[in-house]
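To begin, one chain is listed below as structure tokens, in the form predicted on its own.
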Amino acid sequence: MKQWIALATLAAVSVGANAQSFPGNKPVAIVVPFTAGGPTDRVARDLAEAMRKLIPGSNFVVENTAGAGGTIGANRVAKAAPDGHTLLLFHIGMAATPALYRKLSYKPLEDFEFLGMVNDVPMTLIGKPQLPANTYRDFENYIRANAGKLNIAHAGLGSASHLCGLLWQSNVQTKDAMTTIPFGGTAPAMTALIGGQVDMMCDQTTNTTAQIEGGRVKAFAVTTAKPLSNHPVLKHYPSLQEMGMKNFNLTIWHGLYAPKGTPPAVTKLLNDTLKKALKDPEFVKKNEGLGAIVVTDNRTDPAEHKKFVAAEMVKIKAAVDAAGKYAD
């Protein structure tokens, strides 16, 4: 009995020491499972800077490991050493990949420590500048009148733009009226849209706001339940729910994760640091400027974060199964 108590005490001291010395001289890599320059990458870089400022001497760096709808990067973190030095910033794809990839190499709810939610990012329905429609209603009438002639771009299977387009087409019942064009990332998809090679896309405000403001694309609607009335650029566009899509409310949330088995003291330190970073005025301002909303509710707690993702999995699986289109 005494030996067991001694071992338990030693283990507790060891974990405490790990937390006190973390991260030491070793950088903390925040893995983004998408290409550099995209909306999730931007969120990660702003978050890395906000967290770095809170731990003296630390170095938070962003590493892009793209491919297969985010699953390559997520698998990398799931299999990484559980020491807190390799983290994952993933969006709604964390909940979507189990439905899209039926032979997934990791289990989202079992292979990660949930560290907390970061933000909610609305989506915008946008079109190439040459489209004759100028309002959402005109746009909807235009795609119905040109069934089979138009296409919709996305940044790859499992991407935010893919999921948004899938759910929108399901609601507006146009899935057979448009050709889907997948790209290898958000940047090339946006370039094609601006150049007029594709007709439309649904993407995160973090990626579309500057393009809309600059007049390089046409915007038709936002995916939140209500219009973004406080945003200087996006306040001019209606919500899809306002346009008649009952209960349509889609935001592309981001969450932070560590490999399963990361010491509790380290995950607590990371969670505490994350919560403080979410209150950083500069980080909040950068998010607001892009139409993103920093999370302030209980989803910043690991248990509530995990509970939320589990519920999202159920909702998204129903939509993917209804569409019958899988990535494997």
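The numbering used is simple: start at 1 and walk along the sequence shown. The shown structure was predicted, so the numbers you read here are calculated from the model rather than taken from an experiment.
Below, we refer to the form predicted in complex with aspartic acid, which is not included among the displayed structures.
Residue-level contact is defined here as any heavy atom of the residue lying within 4.5 Å of aspartic acid in the predicted bound form; does Gly185 satisfy this criterion?
Contact check for Gly185: yes, within 4.5 Å of aspartic acid in the predicted bound form.
Within 4.5 Å, heavy atoms only: does Pro39 come near aspartic acid in the predicted bound form?
Close contact exists here: in the predicted bound form, Pro39 approaches aspartic acid to within 4.5 Å, heavy atoms only.
Might Ser161 be said to contact aspartic acid in the predicted bound form, defining contact as any heavy atom within 4.5 Å?
Answer yes; at least one heavy atom of Ser161 falls within 4.5 Å of aspartic acid in the predicted bound form.
Is Leu125 close to aspartic acid in the predicted bound form, meaning a heavy atom pair under 4.5 Å apart or at it?
Leu125: no contact with aspartic acid in the predicted bound form.
Let me test this: is every residue among Met94, Tyr257 and His305 within 4.5 Å of aspartic acid in the predicted bound form, going by heavy atom positions?
The answer is no: none of the three residues contacts the partner (heavy atom, 4.5 Å cut-off).
Check each of Ala74, Leu193, Ala155, Ala221 and return the one that places a heavy atom within 4.5 angstroms of aspartic acid in the predicted bound form.
By the 4.5 Å heavy-atom cutoff, the listed residue in contact is Ala155.
Would you point out which of 275-283, 289-297, 31-39, 46-54 contains residues with a non-hydrogen atom within 4.5 Å of aspartic acid in the predicted bound form?
Partner-contacting stretch among the options: 31-39.
Going through 200-216 from first to last, which residues have a non-hydrogen atom within 4.5 Å of aspartic acid in the predicted bound form?
Those in contact are Asp203, Gln204.
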